[in-house]
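The chain below stands alone and is given in structure tokens; this is the form predicted on its own.
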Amino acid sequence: MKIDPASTADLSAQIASAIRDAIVSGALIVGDRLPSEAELAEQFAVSRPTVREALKRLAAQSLIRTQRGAFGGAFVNRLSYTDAHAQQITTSTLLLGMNDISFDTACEARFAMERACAQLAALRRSPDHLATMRAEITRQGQPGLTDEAFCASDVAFHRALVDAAGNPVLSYQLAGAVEAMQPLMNMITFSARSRDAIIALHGRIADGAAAQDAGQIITALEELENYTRKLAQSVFDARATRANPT
């Protein structure tokens, strides 16, 4: 593991990157104990506080865990999909918020990825997945439900469909699409959308999953995408009219 002393990058970030690369490459495997802070400081020719900051970065990414006692130290952690989900959502949210990504581009990506789960979801959905989807549809139809609660239920419904595919890698990849893109799209379209229209489409998706009919799920998702795009366009047009009244 090496760093470039001539680099302008933060030394602790370089050390964290070097250790992360060793984990990814398999040079360090789950359960391996990292060298001590003193040993790492000597290896990288930096101070112990710099090493400590690097280890904090790795711990924040759940790549290492620390253990106290005579047999303690820093160990390569087994990264769980649950931990990875949160990081994926945060990264996706930042990418969408900090870059010039159009609504249509985000919408296209989000629904394309979800449709990719339809076949497996239809095949593998469990009674629990179906029950979750039905429960969220019922919740969405409750009188007096706030926009915030409706949006949360919307995300939970689509999360259940994605999880029904029974593939943790797909669930991880779609965490950003469903739990980052969906709320951002809801923020734009919530004032124009018809809850009844969305509930009806959700019902068709759930019916397709119950019948193990992937085609029905895909068709309903395509209609939901088209509806979402039209809503967004109506919102953008209204904003433009207010900004430039004739």
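For every residue, the number given is its place in the sequence shown, counted from 1. Definition used throughout: the rigid core is the maximal C-alpha set that superposes within 1.5 Å between two forms. From a predicted model like this one, the values you see are computed outputs, not experimental measurements.
The same protein also exists as the form predicted together with the DNA; that form is not shown, yet it is the one meant from here on.
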item	value
Contact assignment for the DNA in the model of the complex, among 107, 74, 165, 175, heavy atom within 4.5 Å	74
Selected contact from 36, 43, 212, 61, since only one has a non-hydrogen atom within 4.5 angstroms of the DNA in the model of the complex	36
Contact stretch among 53-61, 188-196, 216-224, 23-31 - heavy atom within 4.5 Å of the DNA in the model of the complex	53-61
Touches the DNA in the model of the complex: residue 204 (any heavy atom, 4.5 Å)	no
Residue 231 within 4.5 Å of the DNA in the model of the complex, heavy atoms	no
4.5 Å heavy atom contact, residue 16 and the DNA in the model of the complex	no
Stretch 41-71: residues contacting the DNA in the model of the complex, 4.5 Å heavy atom cut-off	45, 46, 47, 48, 49, 50, 52, 53, 56, 66, 67, 68, 69, 70, 71
Rigid core fit then residue 197 CA moved by 2 Å or more between this form and the one not shown	no
C-alpha of residue 210 moved at least 2 Å between this form and the one not shown on rigid core	no
Core-aligned CA displacement of residue 66 at least 2 Å between this form and the one not shown	yes
